[in-house]
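The form predicted on its own is given below as one chain in structure tokens.
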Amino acid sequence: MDAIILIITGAFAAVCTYFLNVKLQQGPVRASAALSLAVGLVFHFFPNLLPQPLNANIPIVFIGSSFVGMVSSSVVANYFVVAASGALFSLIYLNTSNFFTGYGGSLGTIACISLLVTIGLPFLAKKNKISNGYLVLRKLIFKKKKH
């Protein structure tokens, strides 16, 4: 049950940050910081609000998922993709949090990985599986030199 609550928290945090960032035009840093501060203050002043595992992990998942919501609307223009990335962030956090202990930037790294996976999934479903990035890379490698 705790994992489901954390997954919902991740999706909710990513969508709320994206909404504040894109629709209300607050910018990615302000949107993430404002929401993370609000959640952090709630859990700081009400430490017995939820059971201890949730009380310890919800602020961390919320802050990390807010990094997902900082994505530009030119990269991701769909709320469903942002929510899926936030949920994927929570899944990765739940399964690898011990691996990243002691490393700085683990929340940002997990947010980047979850966004890249979610953005990359449609390219795998395409029939010919060639993305624009692959075409640009191929053009750079096989570019004919002019003499």
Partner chain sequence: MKKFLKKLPFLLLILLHASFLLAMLVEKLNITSNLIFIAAIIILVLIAYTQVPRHEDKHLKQDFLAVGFVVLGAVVTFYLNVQVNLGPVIAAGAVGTIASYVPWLNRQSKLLNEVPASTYCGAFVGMSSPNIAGSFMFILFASFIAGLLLVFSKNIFRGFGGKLGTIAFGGVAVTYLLIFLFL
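These numbers were taken from a predicted model, which means no experiment stands behind them. Numbering follows the first chain given and starts at 1.
Another form exists, predicted together with the partner chain; not displayed. Remarks below refer to it.
K.L.:
Please determine whether Leu91 contacts the partner chain in the predicted complex, using a 4.5 Å cut-off between heavy atoms.
P.N.:
Leu91 belongs to the contact set for the partner chain.
K.L.:
Does at least one non-hydrogen atom of Val75 fall within 4.5 angstroms of the partner chain in the predicted complex?
P.N.:
Because a heavy atom of Val75 falls inside 4.5 Å of the partner chain in the predicted complex, the answer is yes.
K.L.:
Check Pro53 for me: does it contact the partner chain in the predicted complex (non-hydrogen atoms, 4.5 angstroms)?
P.N.:
Flag for Pro53 set to no.
K.L.:
With the cut-off set at 4.5 Å between non-hydrogen atoms, does Ser85 touch the partner chain in the predicted complex?
P.N.:
No.
K.L.:
At 4.5 Å, heavy atom to heavy atom, what parts of 6 to 42 sit next to the partner chain in the predicted complex? List them in sequence order, or say none.
P.N.:
Going through 6 to 42 in order - heavy atoms within 4.5 Å of the partner chain in the predicted complex - the hits are Val29, Arg30, Ser32, Ala33, Ala34, Ser36, Leu37, Gly40, Leu41.
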